[in-house]
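Read the single chain below, which is given as structure tokens and is the form predicted on its own.
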């Protein structure tokens, strides 16, 4: 079983978008997927409730971080972690060979929040268990000055930058319908799928 935690204590950085897209990708490819919505706002749950029945081959559980979740029978478990999570109960949640994806936006506030969280991860000792951490530049606007600041910050971190996702209305439109770019014909979302491939390659390579 593979466990993927999408986390960053800063709200609005795209955790739910990434978590639901991963759930869709693995489910569409035949894996038994469990999507765990830990956020009190229940954004993943809202997405799941809107999802067309023909795509509902995954399961979803809404649960607080400190409540045990049964993962029996799942090939892939994707955790949409809550905003403001500060690694409470971390040793009970994360285990050897789990993966953490940290989406990072380009604003100064988001960068500072990501830095504090990364420092907390390093201090926690959980990385000694073989847990892998990848950074994702999210909602990228490549023609802005803050994009350069975002890139410079990510390149200075000890963890690999495993992907970069552009800022596009495609994600807003799909989330509103309970869909993802993985549910559309390749010709319509080719650019977005190409950006997801490095993230998927990283996750699968260490799976």
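Numbering follows the first chain given and starts at 1. Keep in mind it's a predicted model, so treat the numbers as computed, not measured.
The form predicted in complex with a small molecule is left out here; the points below concern that form.
Peer 1: Which one, 66, 41, 145, 152, lies within 4.5 Å of the small molecule in the model of the complex by heavy atoms?
Peer 2: By the 4.5 Å criterion, the partner-contacting residue is 41.
Peer 1: Of 175, 62, 31, 161, which one comes within 4.5 Å of the small molecule in the model of the complex, counting heavy atoms only?
Peer 2: It is 175 that has a heavy atom within 4.5 Å of the partner.
Peer 1: Among 48 to 56, 23 to 31, 66 to 74, 167 to 175, which stretch has residues whose heavy atoms lie within 4.5 Å of the small molecule in the model of the complex?
Peer 2: Single hit among the candidates: 167 to 175.
Peer 1: My question is simply whether residue 180 lines the interface with the small molecule in the model of the complex - judged by any non-hydrogen atom within 4.5 Å.
Peer 2: So residue 180 does not count as contacting the small molecule.
Peer 1: Hey, in the model of the complex, does residue 83 get a heavy atom within 4.5 angstroms of the small molecule?
Peer 2: Yes, residue 83 lies within 4.5 Å of the small molecule in the model of the complex.
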